[in-house]
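This document opens with one chain alone, in structure tokens, the form predicted alone.
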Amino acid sequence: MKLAGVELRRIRMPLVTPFRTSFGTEVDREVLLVRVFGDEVEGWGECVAAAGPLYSAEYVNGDEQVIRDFLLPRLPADVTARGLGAVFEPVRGHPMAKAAVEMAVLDAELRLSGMSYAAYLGATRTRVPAGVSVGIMDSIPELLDAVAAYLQQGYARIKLKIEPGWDLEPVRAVRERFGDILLQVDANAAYRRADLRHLAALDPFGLLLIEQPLPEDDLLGHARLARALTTPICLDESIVSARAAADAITLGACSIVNVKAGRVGGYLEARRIHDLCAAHGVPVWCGGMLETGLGRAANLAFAALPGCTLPGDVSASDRYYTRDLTEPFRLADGLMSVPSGPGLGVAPLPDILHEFTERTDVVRLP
């Protein structure tokens, strides 16, 4: 597949409500889009890096520079998604930047061949159960109102963000109010090994899992925690590659894995992690990063893989955006439909894309 150039487009999309986690609050979403194009081909990618280096070391301004100054100069005009790993290997780190370029190239390839992302990855379902992530609130009554609204909308699973000082009481309140719902918590690495006894106090609430309680580089701490708790430990930030997943499983640091394609360098590596976990009997689910409809389409394709046995963070468009960049994804009976058209199966709506765009930069390939 021959490409003529790459467009880097910065957009800003306001969130329906501010989204607060242990590492900060987002009011709107700064997004870097990558569009590859040629004479008869076009493909879209979305960089999931946040505005600041808080969830990970990557941030959107830095990734834009890495893509423009270090990745694109290595990008051959005649390219395949499977060949990008070797092409980008000399550039250390920056998996979210690499994933955005891979996503765009793979979208273009698949549009050209008429195959969907879902079919290419090996999806086995046309609809998947949708979970929703609920940020840290100012009060428990506010939290209960939010959870009630999401359950009324039909979400199959509730995930509560937690941090020291906002954990036991919110979880207890939700469990007492809503009974035996599918409930899990996400700490985003907010705790330390010394908090083991405190985290064990979550065991009586019958949670599906505790996600990433300790820092990303503390696999031994997670293994110790996993032995002490009855609630399953799920790793997120720690899983940066298939090798990291294999190490975590071998050490007993987790029994469930959250896969985010941006965090691991793209959907090809995400598929390798899925296959590894399936071979070891470890459930996988698809995490979310406040994606627009472009990233959401790719996530839904991944969430439809056979090893993704838990509801993922593949919420409807209106969970985060009044108007999505693509045709909106909607929740129906707790399920989300997996796009079946060529490539991602969706594309940006021109008027909305223009409205949210702050600037563009086109890089021609030799």
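For every residue, the number given is its place in the sequence shown, counted from 1. Small disclaimer: the values here were computed from a predicted structure and weren't measured.
What comes next is about the form predicted in complex with N-succinyl phenylglycine, which does not appear here.
Kindly indicate whether Y55, S133 and E291 are, all three, within 4.5 angstroms of N-succinyl phenylglycine in the model of the complex, using heavy atoms. Yes, because Y55, S133 and E291 each have a heavy atom that approaches N-succinyl phenylglycine to within 4.5 Å in the model of the complex.
Heavy atoms within 4.5 Å of N-succinyl phenylglycine in the model of the complex: which stretch in 226-234, 241-249, 122-130, 157-165 meets that? Of the options given, it is 157-165.
Is F329 close enough to touch N-succinyl phenylglycine in the model of the complex, meaning at least one heavy atom pair within 4.5 Å? Close contact is absent here: in the model of the complex, F329 is far from N-succinyl phenylglycine, nothing within 4.5 Å, heavy atoms only.
Within 4.5 Å, heavy atoms only: does E102 come near N-succinyl phenylglycine in the model of the complex? Looking in the model of the complex, residue contacts with N-succinyl phenylglycine do not include E102, since no heavy atom lies within 4.5 Å.
Partner proximity in the model of the complex: K260 to N-succinyl phenylglycine, non-hydrogen atom cutoff 4.5 Å: Close contact exists here: in the model of the complex, K260 approaches N-succinyl phenylglycine to within 4.5 Å, heavy atoms only.
Can you tell me whether D63 touches N-succinyl phenylglycine? I mean in the model of the complex, with a 4.5 angstroms heavy atom cut-off. D63: no contact with N-succinyl phenylglycine in the model of the complex.
Quick one: name the residues from 188-207 with any non-hydrogen atom within 4.5 angstroms of N-succinyl phenylglycine in the model of the complex. Counting only heavy atoms within 4.5 Å of N-succinyl phenylglycine in the model of the complex, the single contacting residue of 188-207 is N188.
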